[in-house]
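Each of two forms of one protein chain follows alone as structure tokens, named structure 1 and structure 2.
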Structure 1
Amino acid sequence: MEITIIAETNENGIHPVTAQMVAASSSLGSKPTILCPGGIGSDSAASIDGVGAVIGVEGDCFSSFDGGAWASALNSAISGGTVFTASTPNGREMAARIAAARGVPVVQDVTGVSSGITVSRPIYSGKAMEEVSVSGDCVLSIRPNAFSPSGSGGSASISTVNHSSDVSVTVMEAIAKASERLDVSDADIVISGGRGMGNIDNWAELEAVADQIGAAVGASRAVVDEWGLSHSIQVGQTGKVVTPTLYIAVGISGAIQHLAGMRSSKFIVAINKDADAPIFGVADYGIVANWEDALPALKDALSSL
């Protein structure tokens, strides 16, 4: 079957989800074509195992993100079949645009595919799963970390085409992140704090542990709202949905809206003084303790690894 993948890229190159999308295509028996918006990351894309061809799509519109312009330019380079994007904010926007332009269905946040095509995806923030079958062409966005990536060692051919489109979203001002911390959506390890941390003055203790292991710092909505932390670090239904390898929840009760954002993490550790806290229901390792004792112990244990 014919699959075109839109590479997920940023100014630093290609995002790991791209190799995961290739693996998903391979499981459907396809040697996909990868389109690289603005030509970014073509070399890395070509080195992913199992890729049929790489096309760098170049045009003025790719200098900053305008989903309408990007989708229209990329769509000109797609001949037909099934299209994969990454289930990231930009990827989802392009998926919806390309599907609407082609008049085909779109299914977002796909975590499983099988031939036919049948796809599965979480709905109601993970409170249920849905299986959808599609009989013709469609656009799917693939959730990061849901598929193990294809290896590298491939050497697909690279070509370049020129397609652009009118831009109607222009960047007026770039605002750098307040901290140099990793984004919770990208990090392999996320350590999150909740109201049980007492007050904002204690936050530095959480950050210190995060820095030790290169983790991103997340938070429950309670502390984002009450302590004025950035909404960009909120995990949950009205924050970010994260799927890191390791999620450590400290002083978080585990309200259903918080679980919605982190329950698909590969491995979950919870530290809470209340043995009945619902967070322990999703934890692989639950530690019943006060953070005042547990965080210093964690720091010690990590430093002696």
Structure 2
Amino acid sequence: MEITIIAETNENGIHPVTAQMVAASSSLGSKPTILCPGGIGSDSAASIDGVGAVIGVEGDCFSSFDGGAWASALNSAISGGTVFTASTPNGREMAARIAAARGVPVVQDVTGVSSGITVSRPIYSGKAMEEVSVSGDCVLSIRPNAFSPSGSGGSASISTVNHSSDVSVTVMEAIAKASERLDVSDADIVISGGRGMGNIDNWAELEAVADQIGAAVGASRAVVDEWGLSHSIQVGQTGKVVTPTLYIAVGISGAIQHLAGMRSSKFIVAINKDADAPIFGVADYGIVANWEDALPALKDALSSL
């Protein structure tokens, strides 16, 4: 079985979870290839026992984290098979993006792996365990400390590839755009989108309204996990708690975990096509409509102010 591991890096090199991912791959009988973003920690990765090869993926994008740019650069160095990332904010984002780019399943927060591939992971805030069987290629994010790390003593080959020309322009534009937006924790106005917006292609419509009113853009956990959005904009119990003057929820049903992160907002406006959605229970103003009808109308009204 072909397995590629995306090394988790920090300022001092590779994070210990990288050796734990190697141990997880060994349960599948594989000698994995490790990709080191920016080439950081290549020597340390090569010394992990059980590693087949190490590739340092270099490029301008690795000077600061940008999920889209990193995933694009790293994905181009993956030939196929199963991909492991760490179940960290950065790792989960890259797992979702790489899976989407490759058109394969993604399973997050894995704590057990057996041949097949069958994986286990906690669900319902750790109250239950789920077993998932995957046929074919997939992407798995591995929870730190779920596996004992592989030892040292390896001597894997090290090579380097450079993808600066592929992603550097995109990265600079993405970083510039991100720096212009407010953090959801600090913003006086937050507009958040959920699964009811359909797919990631419609996200620009939400951002357009945010630009008009000077709002920060937030998201529900569902779309962060499924669409590969940055964890930094996730609002809810496992994301950020926000207390803006105005919170606009678009296509968000209102799961209790999301409500825990935004119900203390001064004014809440909810837009949802389901009149029985729980979000209306905390909203000051509710609009029962599809986002396709509501957002253009809102943009037109704002333009006339």
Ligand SMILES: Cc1cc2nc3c(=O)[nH]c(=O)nc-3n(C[C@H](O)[C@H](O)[C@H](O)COP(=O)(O)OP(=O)(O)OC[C@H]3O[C@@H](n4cnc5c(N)ncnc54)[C@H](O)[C@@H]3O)c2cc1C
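Residues are numbered by position in structure 1's sequence, first residue being 1. By rigid core we mean the largest C-alpha set that fits within 1.5 Å across both forms. Since the structure is predicted, the reported quantities are computational estimates derived from the model, not experimental observations.
The first of the two structures is the form predicted in complex with this ligand.
Annotation: Cα of residue 234 displaced by at least 2 Å between structure 1 and structure 2, core superposition.
With a cut-off of 2 Å and the rigid core superposed, residue 278 has a Cα displacement that reaches or exceeds the cut-off between structure 1 and structure 2.
Relative to the superposed core, residue 31 shifts its CA atom by less than 2 Å between structure 1 and structure 2.
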